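Alright, two takes on the same chain below, each alone as structure tokens: structure 1 and structure 2.
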Structure 1
């Protein structure tokens, strides 16, 4: 086994640690920092340093080293936190992320950036506490000749429970519980790099290594934690002094082996032999000892035992199979209901049980793909903080409904549009503090991000308490851009103007927004996800932008319709109403175009049988049923033969094995096992237009293929 096998584990863990670090940094109250949080940040930096040292990521190790020392001063109260210091810390965190990425891609991190950040940290240390972080001997820029795990000169030997271990080479005994042969060898090798292995021996259940090393116990633990679980390792000083002040129950050599030869090693009682946690707490505030240790073990346990990483492909496969199961079940159901005279109650009971279980199974499986909105919202404190800083505004960010769940593919795609909307609200919505004060509002603007479920949809709102949209300015700007507007337009219609391409009402272009690129992209992206955007705005009170999205793309609420002998599905979200067209409401236009008048609105008529060449369909307009549908902001009247019913369908991609079909967005499988196509409303309209054009004599030369191709491209 090669040490590189553990790179991925390290990268993943380090990434999580960095995410934690950022969260804590953002939560920090600068005036009265919470010691627990400072400790957590320190521990994160510390663990990354340990791992980086083990794997020989020199630059990463040295950056974290400086960072860690600075954090150490901070948590001891020697360095007074300020907002700009936190900013530097955040910057350092970003730098660490970059370095991590570089190592992950087998690159060398950016040396210049590294030197710059080191200098910044050094300067900060010198200015604030008058100390050189590296002990003044080596310059930062010059890479140190000696390689990895260098014994770190602690900036200040703190009076702790283990005063000698760090200073001199000391003997300590590392006990490994239930560690397999391979890992054991690897660990001994690893320990050999940290110091001199004097003796090692034992069996799988309990294996002891005596080590002479100048490295601290917690560093040893940090290194080993990349290979085994923290509770599989116990470290104590050879002198018999327990490293942990919590007086960890000394593992009796044979005891674990006898009690639980195979089971997971759950150390008896409190899992407190955690020198790292105990030590850091011991330095900061001795009383918080147990609490800190508990916090750490909880964090660890939470990360490892309550979730697993599974590839999305596997999940999709399960979802497909369950979809199959549902279809088979409904086929069976149909067969049973058609069996005459067989009123076997056991069979019927079994069938209804199967149905219920299958539905439950489908629901649980679908929920695997769902992840909480927290995944999206958690990145906004940073965005808001930075944007507000740039704009010189004071903003309070409130998030609501973080636990609302949404399909993973949608959460990933919603991030960019949402970021854009938030930036926009900060830039255009919320006024500068002085203006707010003058308007009698609190200086600090409030931005609310909320998510909630409503029906089969999720509603995400960006709410600000800023100036609101300016109707007159929007109209003026629209005229300037040559958009067709009138003063009688409803507010809603005016607000929608901001989604027009190239539209920006910002008086000046700022770094943050105002170039007029974006809002149209936001709208398009959201429509691409099957959702839509609404705006509500009150002058002087603020603006709410509401995004309505379907919960998942894998299941669709559909309306099944019949044309001729063929069955199609319309997305229910697009269907507004259906009616039987009366003769007097149908108007012919310019030859064979027909419009239908519905409540003072003339809608283009799209005959499905025409667009899709369905044989044996009803052709007399007044015998058909007109389904009024909405697609890309426009309304159409689709002529169909019959409405069959509403049902939830599992969306299947046509392009997996075939190609894109004009007028069709996807396919699904009906209860009888046959395939039905899900119609794409705007595509259908284009298709029917293309067909009509083809029929016109002067266009007769153009083939249908060309026209459909054009329709596809548009």
Structure 2
């Protein structure tokens, strides 16, 4: 077996462990650190070290070894935590991430950065506890790790820095519990790569392998757990000392040899298991460890597993095929409905059952792509901590709705816009502690990240209890930048000014913000995901920025409309109501613009047939139907011929399959096999205005005359 087959699994597991490590580090109370959190951080570092040693990733193994020893002193109370020490631990975690990425890309990690972090960790240990992390002496420099000879060309495991077995062919017994025959053979072959298999035998319930090997128990376990679950493996020396995952004692109760980490082999008379060689049963596992244990079981056999790893491309392919199935089902359903004199109840019942099963299948497949918002929110404690430190502010971060699910593709794309919004709230929104105290507020500001479902959308909010937006200051800055503004603008329109390109009210440019290049990018990115941004602000009390996104970009609840002989789809989430316009509610504006009065609100009128050049459409305004829609926080009245009905459609990317079309966001295939365009509300309005500018000389006068005549009659 080629051990490189397990590289991808190791990289994914290590990424999860590093994410958990960062989360626990950020949650630590430096004055009274939680023992379980410290243990979880230690276990994450130890697990990564074991895997790195197994795969021969020397730099990663050396870094995690030093880090692990320092963490061991911390959880034993020998190293007292401070904020600056936690910062060093976070810096080490970042370095481990960089090293992991380098190995993933088949590169060597940055040697200079590696030496710098090792020096930092060694210096911290010498200053705080007076010990060298490897040798246990304050006067001896840390020894360089000695590479083990590799007799075969295949990647060989690197010997542990703290072996549990004597270096010269010590015997140990590996017990496999409830492992199938195929996986037993694989495991025996893999153990043969670590030493000499003396004997092996037993049945599926209990299979024992006697191994003569010079590597440590943690390295043996690291190889095994990539094929079967950790609780299916028990390792003990031939003398009977257990090092199994189930029987290992708690790290705090280890043999004295563990109190002084050393790179020298443990004497054979007193073999000592490693602190967390197999995750001691006496310690509560963090959530990341639970996920790791499940994912380590290889999909093709061995033990019960509750999850498997599947490529996103494969999931996308399944979703696409299910979409095609839905389209085919719609075509069959429409064909049957158009057949005259169909009285076969079996056929009708079969079509009804097919429709129901197809929808259930679609929902089940789509749920595979949905992941909780915790995937996004977990990144921000670090952002808030570091940004607040740079700004000299005290910030409390609160997250709500972490379990709310969103399509994976959207969660990855929303991270950058949210980061801009969070940094903006920290810099411009929340005041410095002294200013807050003078205003009668707590010195510590509060930033809330929340997510919740609402209809077919997800609502993500960034809420701060800062000073709020200053209307007069925003208008003054807009005039200074040459933007068309007036004092009669509504608050909503004034708040939207912060999304203008190059707009910034910062008095000076810092490394946090002030260049005016972030918020307009935020708005464009969110619109590119089919969403929009709303702002609510109260001076002196704070600001709420609300992002509204569709749950997924693959399936859309739509309203079918007809214009001329063409069928179009409007996103149902954008449709507010529909009505037939009356003469007295239509008003002509300057040029050939028209507005529709709806309950004391004047809405711009967008004739779909004019914007998209659709022939044979109704042109008399009072004969059309006005669909009131909302896009980018504004409302419009779309004029269409007929409303056909609501339906769920499979979204097809028009830009990928054809090209970008103004006023159109995507396309879908209807039940009769025809293609219907999905309209982009805001883009349609811009397209309509652009075409009116071009057509004004030839058509504007006629339209104006008609509307003026209507107005005079009223």
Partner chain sequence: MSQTNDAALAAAEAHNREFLVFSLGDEEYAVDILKVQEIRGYENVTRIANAPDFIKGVTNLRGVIVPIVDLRIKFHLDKVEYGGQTVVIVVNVEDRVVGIVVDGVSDVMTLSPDQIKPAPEFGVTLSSDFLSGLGSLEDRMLVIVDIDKLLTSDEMALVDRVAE
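All figures in this text were calculated on a predicted structure; none of them were measured in a lab. Numbering follows the first chain given and starts at 1. What we label the rigid core is the largest C-alpha set whose atoms superpose within 1.5 Å from one form to the other.
Note: the form predicted together with the partner chain is the first of the two, structure 1.
Taking the rigid core as fixed, one finds a CA shift for residue 671 of 2 Å or more between the two structures. The Cα position of residue 602 differs by 2 Å or more between the two structures after fitting on the rigid core. Relative to the superposed core, residue 447 shifts its CA atom by less than 2 Å between the two structures. For residue 566, the Cα deviation between the two structures after core superposition amounts to 3.2 Å.
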